[in-house]
Structures are given as structure tokens and as C-alpha cells.
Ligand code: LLP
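In the block that follows, a single chain appears as C-alpha cells, in the form predicted alone.
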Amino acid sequence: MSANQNIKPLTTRINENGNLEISGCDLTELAGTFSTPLYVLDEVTLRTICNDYKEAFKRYPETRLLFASKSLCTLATSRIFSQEGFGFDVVSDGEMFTVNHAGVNMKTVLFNGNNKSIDELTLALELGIGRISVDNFLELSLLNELALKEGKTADILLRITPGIECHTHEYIQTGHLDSKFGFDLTQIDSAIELIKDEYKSLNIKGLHAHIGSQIFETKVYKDEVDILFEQMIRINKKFALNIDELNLGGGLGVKYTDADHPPSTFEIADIIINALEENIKKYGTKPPVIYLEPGRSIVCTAGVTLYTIGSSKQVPHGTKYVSVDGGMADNPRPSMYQAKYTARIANKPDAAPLETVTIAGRYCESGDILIKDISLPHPEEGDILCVYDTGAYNYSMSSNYNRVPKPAMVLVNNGSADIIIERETLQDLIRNDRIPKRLGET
């Protein structure tokens, strides 16, 4: 069993006061000290999952692990992942800027995305990004022009659409999957010809693909390896090249509820490595370097969000709504795509569930529902609700909807809690606002 198969952070327990604690920090005390909503991140769980990945892939030494920054990008977490030997998959100038300021070796960073701007590509070249995953013909041309102007050669991967689409328990495989990302398989040769014959400031190192998110199916990883390997061999033979890097992307699922049964990092590693070894033997070639881009499976389980329970409403002969002081602005996933979560009342975690309620957010939208039909002990005003598995994509996708400041985030470890993201203030909300002079003085 690996850490991504847990719902709770690994250090979660009930303490002598009868409250939930994580890494020695009482969650009700954290709520009192730092206010709510509050993102809480367990450093032990983060580092354990990183070590799971390293252990799982150690029998294939050519593995390079890149943390998918889009799932959670802060200075502190970037420092932790860098300390654990991870590189980074970034998708914007903001993520590049953040990991650079965290002291990350930028040679370990890959820049990915389907519509990179000229400013972003320029910054990537200036920072010495290790790899740029090129997504389309326009980007090939732009990057070559910019690299030529800078007197540099850009090391690139060619992102392709391998014809595999993953869902939680099923997938379809076609020759021409409809996707906004990457070169279709029928476009690869045209791209290679341009790189080889015209774009002399680009150095193609390998291929890149991504097959989905929150993946529970395992065979798709073998299919992906087979397709990328076949294309690599074909390209090398046809164009007399020696590309030897395959980026398999990320997407391993996590356990949000008891109904979820994601594979472990070790299961995935065995499937990928076995497929690589089969292809190496089949084609009689040296082992290629592989990149993996885990994001959700590293940070999700490590994070929880704390809310304070406020008002409640019992619909006659219907739903009981229990409202909290956060919602769709700090966690848009339930509203966007009906994501499901597990939660407990942190100040009475041992109490028997007495009623089924729906947790409603504070925002002015009927769809602002965090959790539907959850069984809890009788929830009372002032109780602290702990929602598990919020480390990935909650802060990353948060907003100031209804002009509400974003929550703080604390990193906990061995009884210590350190702010790694300050709570926004009302002044922060208007920091970039401007009133034209013609509208008069305030």
C-alpha cells in the first residue's frame, strides 16, 4: 500500500483531548490560531509519497520524477520537492517564477502547455529551463525564432496525442483522439522534418504524452509505453535521429472516498517498467530516459481544509443544509465536476454519526455545495469541519469570488505549524484596482 491509497494524512490521529490532530497539531487549535477556512498540509505525508515514488521506480535508474506544479505551487512545497530530488513540470510563467525563487535547479524543469506566450517562452530560455515540451506547429516556429535571437539551442520534447483516453474505470483507444494538446500521430513526421531541416535552434530529445487524470485503470500505462516506444524507434530509423527520452505524464488517482480504489505507485511502476523492458528487448535498444509527472497523487492526501460550521437549515421533509465559512471559492471541484469528499468534525471525531446532512458553502450560488448527504454527529455552530484530500487543485484553483480573501495555508510537522501562504486581507483585494481620474477623487 502506498500513501496515495489513504484518505487521511498519514499522521492523522485522535489526541488525548478527543480532537483530530495531524503531525502533532490539534486541528481545532489550528483553526483558533490561524482562523478558517484554513488549508493544512502534512509534511510527513508529502515526503513519504515522494519516497514511495522513488522506491517504486528505483529498479529503472533512468527515471526522472517531475512534480506537476499545477496541482499546488508554492515556494515552500517547491523547496520540499526539490529537496526530495524531484524536478518540476510547469505550465506558466508564474509557476516558472515560483520554482526559480524557491531555489530549484532550472535544468530539472520542463515547461509544458498548449498556448505558451512569447513572454513565457522567452523567460524559459532566460532561466535555462531543462526541457520545453512543444505542443504545436506555431510554437515550433516561435521557439526557434526566439532561441535563434538569444543565440541558444532549446532542448525540446515533442508532445503527441497517443490515442488513449482514460477515465476512472475505462478507457478508449483510437488513432485520432480529439484533444487540444499535442501533435496528432499523423502530424509527427511533418514536425520532425521542420525541426531537422529548418529549425536549427531546436534540439529534439524525445516524446511527451499525457493520458488523463485521476487514473484508476492500469493497462493504459502499458499501452502508452508501447505507443511512445514504437514512435521513438520509427522516428529514429526514418530520420536518422537518436531521441531517447519518453515523458509519460502523470495522472495516478487518489482515494477521496471509500468507494475509490486507486492503484499504488508500486503497481504503476511495475507495469511501466515491465513494459519498458519488453520494448527494450523487442527493439534491441538501450533503455530510454523516462519522465513521470505526478501531482495529485503526491499532494492530495497530504492536505485537508478546516472550516467553521455556522448556520443550518432544515427543509421540511427534505435536506438539512449545514453551512460553513468557505466553499466554491476555496474548493471549486464539487461545483465544477461533482467531486466527492470525505469529512469529519475535528472536535468530535469519535462521536457516532446521527444525521445525514449536506455541507453548503457561503457563496452566493445555489450550486455552492461541498458535500452532499454526509453522515455526521449532530453538527453545531462553531464546530470545526475537516475535509480530507484537499491538497491538490484546491488552492491552485481558488478564487476571490464574491470578493472574499483567499485562505491561509500552514505546513505541519512534529507539532509545529508554519504559515506558508498568508491569508489575504481586504486590502489585498483592492491592491490592483484603479479608479480613473475622470471618475473623481475618493
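In case it trips you up, residue 1 is the first one in the sequence shown, and so on. A quick note: this is a predicted structure, and the numbers were derived from the prediction, not measured.
One more form of this protein should be noted, the form predicted in complex with this ligand, which is absent from this view; the next part is about it.
- In summary, among the residues 406, 64, 47, 70, the only one with a non-hydrogen atom within 4.5 Å of this ligand in the model of the complex is 70.
- This chain lacks the partner; the member of 39, 393, 388, 57 within 4.5 angstroms of this ligand in the model of the complex by a non-hydrogen atom is 393.
- Just one listed stretch, out of 149 to 157, 207 to 215, 186 to 194, 122 to 130, contacts this ligand in the model of the complex at the 4.5 Å heavy atom level, and that stretch is 207 to 215.
- Among heavy atoms of residue 95, none comes within 4.5 Å of this ligand in the model of the complex.
- When contacts are judged by a 4.5 Å heavy atom cut-off, residue 255 does not count as touching this ligand in the model of the complex.
- At least one heavy atom of residue 293 is located within 4.5 Å of this ligand in the model of the complex.
- Within this chain, residue 362 is remote from the site of this ligand in the model of the complex, having no heavy atom within 4.5 Å.
- Contacts to this ligand in the model of the complex (heavy atom within 4.5 Å) from stretch 237 to 267: 249, 250, 251, 252.
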